[in-house]
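First, one chain by itself in structure tokens, the form predicted alone.
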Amino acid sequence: MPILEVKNLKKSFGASRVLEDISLTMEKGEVLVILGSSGSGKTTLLRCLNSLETPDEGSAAVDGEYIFGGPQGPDSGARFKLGLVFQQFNLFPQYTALGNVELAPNMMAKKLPDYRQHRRDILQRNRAKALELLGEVGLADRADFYPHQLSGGQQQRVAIARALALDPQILCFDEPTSALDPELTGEVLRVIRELKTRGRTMIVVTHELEFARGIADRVIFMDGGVIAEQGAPEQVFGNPSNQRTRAFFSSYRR
């Protein structure tokens, strides 16, 4: 069974149809790269999957549990099976790097029936996990730094650690390097490559074409709210069948 199954997803903003009948599946451990021009629907798709937008129609299920569109509505907790790394980091400025990473697990822990009884142990475990994640993204020595004391690349790496803190089954990236200069972009791309080597299931929206070609197991090209083309990276990059896909790649080569 696919780890992600999206069927007939549609989304409009007023009279503007942004997503039109999107259907796709993903396997565990797969890296799906989504390409397309600005306004093609890439970000809206990710926001729907992460419950930040409400689709008009369709369904999406992770590991058999419905995020939306299920016969009995969404399954409890299904939306937490996806994590999202935003373009603009979206770190909380009042918290340190460590505080940003441990915040969501600590909030979720308050819903546990034995939270009051085991509060100290739970918070200690969450802190240890947050420190481990900061170490994995190369920021163990920046745990006590606030966002304004970090470079853009470091902030984005904290955001990646934060997205991993709830152990999502699928990690989504929405143009994770678009707010960074070329020197800092490499820091973030290295972390994503390392996550791939660990078998992490990921959806990556990016404009870094060479990076996309190297990391993708499958590529989707979106145009006008539809999936215009999809396939293995060697096929989509090397011999695209869709005219819009060919025009998109040609514009980047100029």
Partner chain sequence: MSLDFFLEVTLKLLKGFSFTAEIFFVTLLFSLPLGLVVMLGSRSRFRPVALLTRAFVWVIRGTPLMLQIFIVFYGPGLLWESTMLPRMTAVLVAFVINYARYFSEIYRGGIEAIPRGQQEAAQVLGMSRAGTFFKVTLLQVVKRILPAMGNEIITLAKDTALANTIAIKEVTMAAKEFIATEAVLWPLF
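Residue numbers count along the first chain shown, from 1. Note that this is a predicted model, so its numbers are computed, not measured.
Here the subject shifts to the form predicted together with the partner chain, a form of this protein not shown in this document.
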Answer option from 77, 93, 71, 182, heavy atom within 4.5 Å of the partner chain in the model of the complex: 93
Quick check on this chain: which one of 112, 128, 140, 166 has a heavy atom within 4.5 Å of the partner chain in the model of the complex? 166
I'd like to check something about residue 47: if you look in the model of the complex, is any of its heavy atoms closer than or equal to 4.5 Å to a heavy atom of the partner chain? yes
May I ask you to check whether residue 162 falls inside a 4.5 Å heavy atom distance of the partner chain in the model of the complex? yes
In the model of the complex, does residue 51 have a heavy atom within 4.5 Å of the partner chain? yes
Heavy atom of residue 107 within 4.5 Å of the partner chain in the model of the complex: yes
Given a 4.5 Å cut-off on heavy atoms, tell me which of 174-182, 150-158, 83-91, 128-136 is the interface stretch with the partner chain in the model of the complex. 83-91
